[in-house]
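Read the single chain below, which is given as structure tokens and is the form predicted on its own.
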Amino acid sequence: MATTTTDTDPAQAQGTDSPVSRPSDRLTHDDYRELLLQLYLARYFDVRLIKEKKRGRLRGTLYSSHNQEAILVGSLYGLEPMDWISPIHRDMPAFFLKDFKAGWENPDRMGMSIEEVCSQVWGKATSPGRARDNWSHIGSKAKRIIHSTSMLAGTIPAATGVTLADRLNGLNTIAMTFNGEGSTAQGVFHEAINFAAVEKLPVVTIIENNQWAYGTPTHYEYALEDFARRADGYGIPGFVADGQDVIDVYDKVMMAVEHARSGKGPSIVECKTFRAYGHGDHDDDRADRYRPEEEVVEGRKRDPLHVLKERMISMGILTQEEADKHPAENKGAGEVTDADFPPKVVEYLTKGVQFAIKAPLPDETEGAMWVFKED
């Protein structure tokens, strides 16, 4: 029997009556501070790119993760270096946040460098995709990142495949896929998760429910309240997390990860959040028309930075003075300045931006590279 839960009690989430500690109970004060820094970094990545484009130093479409950072940070924080991830277009920070605990500047960690990710955005020769796309259509077999695709849910079959291959090779790794709630209506979503359930493959599917599939609201997508109920048809757990609370996301995702790593198979974790801007920056003006203003105001109220700060203050990890020092929360991209972010965050991303701006464009002779099979 599948389980859908909306609370933070893992005992209830796992269908037991015995008291079980939450995964977050094992986090240290240093972990909490690192999680806060990573939330700041994901937010700064978003607003910095918006500002760079307005300055005329960046071209191409941007897909904002503003207000959804807790999903990325909370999901990735408990993974092992050899685990696979499969980000989507709204998850650009995931490419460099993977294995971030190994050290922001560690060249051997199992994630992309900030220079590589910024080079991808700027379309430079130093990018993993060598300027074939300016956004998220990249990946790395060496870093265990499944190549992103515009066809959301299309990477779940790849995730089932790599976990099956790892199992045959004697590895106990998981694959974490990210998907919008709209992608759960696609046939490939159901086919892949059904296969994973039958084979008990360790695939954790994150559903980022930001209330809108481009311009389609959730009540036109699905008849039930929780997309995690999709899990019921496959006999696998379906968890519901508060997508604005990085600790609740961490708890629910780690329950799914531990379930998978113990050989019990896949899970679905729905993270309820709200898309702060349009589908992409090309859609912002239109989004103001198809989304009621009061809905947008309400959806932006619970900023992930503020939610974590309040929790840390109540736990005695953070003082109010420390919380107020860098007030990036509850501000739009046009309202924040570098002073609203910790210097470490600004310095780290600025390094990547400056590297990408100075990096060369690919030579014109590369135009046909990767188009046809080469000897």
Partner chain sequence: MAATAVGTEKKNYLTALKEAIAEEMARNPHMICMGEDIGALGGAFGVTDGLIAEYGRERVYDMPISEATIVGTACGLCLNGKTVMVEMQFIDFISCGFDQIVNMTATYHYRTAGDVSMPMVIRGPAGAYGGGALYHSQMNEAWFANSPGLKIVCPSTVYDAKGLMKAALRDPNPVIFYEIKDLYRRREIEEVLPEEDYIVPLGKARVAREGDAITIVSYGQNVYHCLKAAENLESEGYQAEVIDIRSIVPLDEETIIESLKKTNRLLVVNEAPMTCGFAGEILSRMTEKAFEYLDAPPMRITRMDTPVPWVKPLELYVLPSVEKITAGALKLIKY
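Residue numbers count along the first chain shown, from 1. Quantities reported herein were computed from a predicted structural model and do not represent experimental measurements.
The same protein also has a form predicted together with its partner chain, omitted here; what follows describes it.
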How about residue 123: is it within 4.5 Å of its partner chain in the predicted bound form, going by heavy atoms? yes
Is residue 152 near its partner chain? Define near as a heavy atom within 4.5 Å, in the predicted bound form. yes
So in the predicted bound form, does any heavy atom of residue 211 sit within 4.5 Å of its partner chain? no
So, residue 274 and its partner chain: in the predicted bound form, are they within 4.5 Å at any heavy atom pair? no
Residues 24, 32 and 111 are flagged as a possible site; in the predicted bound form, is every one of them within 4.5 Å of its partner chain by some non-hydrogen atom? no
Pick from 237-245, 179-187, 261-269, 70-78: which stretch has non-hydrogen atoms within 4.5 Å of its partner chain in the predicted bound form? 179-187
Work out which of 232, 281, 99, 221 lies within 4.5 Å of its partner chain in the predicted bound form, going by heavy atoms. 221
Using a 4.5 Å heavy atom cutoff, which residues in 336-366 contact its partner chain in the predicted bound form? It's fine if the answer is none. 361, 362, 363, 364, 365, 366
